[in-house]
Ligand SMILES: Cc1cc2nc3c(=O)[nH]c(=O)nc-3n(C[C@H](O)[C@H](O)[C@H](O)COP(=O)(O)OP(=O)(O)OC[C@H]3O[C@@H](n4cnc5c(N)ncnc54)[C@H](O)[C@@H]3O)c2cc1C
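Heads up, the chain below is alone and in the form predicted alone; it's given as structure tokens.
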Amino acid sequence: MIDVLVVGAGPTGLTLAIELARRGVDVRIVDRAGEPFAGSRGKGITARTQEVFDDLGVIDEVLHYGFRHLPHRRYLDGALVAETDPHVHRSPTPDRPYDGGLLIPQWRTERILRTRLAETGVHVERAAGVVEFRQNRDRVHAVLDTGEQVSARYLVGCDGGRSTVRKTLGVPFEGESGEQAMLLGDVELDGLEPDAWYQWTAGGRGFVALCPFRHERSWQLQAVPFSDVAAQGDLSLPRFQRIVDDIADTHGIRLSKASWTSTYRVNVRMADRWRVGRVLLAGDAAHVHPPAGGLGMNTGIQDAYNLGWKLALVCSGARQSLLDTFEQERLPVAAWTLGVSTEGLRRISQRFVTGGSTDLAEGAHRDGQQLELGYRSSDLSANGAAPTGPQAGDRAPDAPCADSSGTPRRLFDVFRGPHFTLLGFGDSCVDLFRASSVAHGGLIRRVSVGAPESGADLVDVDGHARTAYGVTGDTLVLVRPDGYLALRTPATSTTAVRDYLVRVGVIDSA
């Protein structure tokens, strides 16, 4: 019997499998498709997801292949009307090292994640979806497409909007599907320089966008044609060429190859339960969103990041009630995402109707980078005395520091990995941590943060760490494995951290 069977090897399933494997969980990941996904569909990576990728150790490769500040060049009825960079006012800050979104094709993101997963010794098993399963109090019995029977302690459905796992559970997927379809494709072309995301609106005829990718020959084509309805099922290159000629006719663009084509219909749906016994749902299996703002894939990745450490701890002996906090924390985030992406789509669609120039960035929410989302109301958030700065449940800020030798190190450097991190601000924490460097069997990494000459593990050279955390006196801050504050308490509260871990079921009281 294995610990966890992950069903679906998209971005959500891959992230979850990495999180479990790097914590020593016996995990298998299966996917019904015989080959990896070949399209660019989910191309936007938010700043928060970039922080997740930093922790997973893949951010450098993601940044190498991603466009950050790519101008949006907009045309209305053939005339250039605007060129803007939606991230022009964003720049890295001490507490937020990733300043805005990143454009990278989904197939590339998945390839990077598969490579990282393989480094843990786990590989995706292809042409092996789940046909059926049943569960009892102790385990889940699943049957794969191959006929193999698999017994697992837990099963997680990351198998998309048409999830077999969700349907087998009988969990309702409430919402609605729209009538209007968007055409998508990855195309090679001549006639444009890959220096902007080109967007054309033609009154009464429709909308076309062409987005290049860094270090790639292909561009993503998005089209909403108001005519050519009779060819609704035609996803051929000639049809794509006709649409480009009709809407962007002044540019002489010639499409030469289509490596992937698809039709996207707007779906707004969410499961009302994300856990039934030993079976859980994540990503599109639990919620599907309109494309406005590009939050769908990011939300799924962050579902997996939230679930992974909790499921690993439960497999190692923590109380099963820890899994209840997955739905408690992530379902409200998914509901928020459904709301803002639906509203963003409404704004864009209204511009189509009125014949105005439309920038796809207009569909994004103010917190489209997902840095302000958190879990303050969660059972895992214990605020203690926190008059200023981030509260328990908020995202843990980064800050530039230096180690005892003067080498620059960031807080994200000490967060990276499968552990909790206990930050101790102030001289009393330096002494406390020096007296005991081991915490709860390696579950917690203790890091003292102090002034120069204090002997602290990290020197807060310019005070950015204290500023980011709103620290005034000697303070303990416990950061969860997924980079959110679990607990803030005065350094004098010597049992607060242990009491917290016992209360939430991570360790026993004995």
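Since the model is a prediction, treat every value here as computed from it, not as a measurement. Throughout, we count residues from 1 along the sequence that is shown.
Heads up, the form predicted in complex with the named molecule isn't pictured, but that's what we're talking about next.
Engineer: Of Leu113, Ala142, Ala128, Ala312, which residue is found within 4.5 angstroms of the named molecule in the model of the complex when only non-hydrogen atoms are counted?
Structural biologist: By the 4.5 Å heavy-atom cutoff, the listed residue in contact is Ala128.
Engineer: Would you mind picking the one in Leu184, Ala382, Val224, Ile253 that has a heavy atom within 4.5 Å of the named molecule in the model of the complex?
Structural biologist: Exactly one listed residue reaches within 4.5 Å, namely Leu184.
Engineer: Going by heavy atoms within 4.5 Å, which of 392-400, 318-326, 420-428, 156-164 lines up against the named molecule in the model of the complex?
Structural biologist: Of the options, only 156-164 has residues within 4.5 Å of the partner.
Engineer: Report yes if any heavy atom of Gly296 sits within 4.5 Å of a heavy atom of the named molecule in the model of the complex; otherwise report no.
Structural biologist: Heavy-atom contact with the named molecule at 4.5 Å: present for Gly296.
Engineer: Test of understanding: in the model of the complex, would Ser91 fall inside 4.5 Å of the named molecule by heavy atoms?
Structural biologist: No, Ser91 stays farther than 4.5 Å from the named molecule in the model of the complex.
Engineer: Is Arg32 one of the residues lying within 4.5 Å of the named molecule in the model of the complex, judged by heavy atom distances?
Structural biologist: It does: once the named molecule is placed as it appears in the model of the complex, Arg32 has a heavy atom within 4.5 Å of it.
Engineer: Does Arg68 make contact with the named molecule in the model of the complex, using a 4.5 Å heavy atom cut-off?
Structural biologist: Heavy-atom contact with the named molecule at 4.5 Å: absent for Arg68.
Engineer: May I ask you to list the residues of 1-19 that have any heavy atom within 4.5 angstroms of the named molecule in the model of the complex, in sequence order?
Structural biologist: In sequence order, Val7, Gly8, Ala9, Gly10, Pro11, Thr12, Gly13 come within 4.5 Å of the partner.
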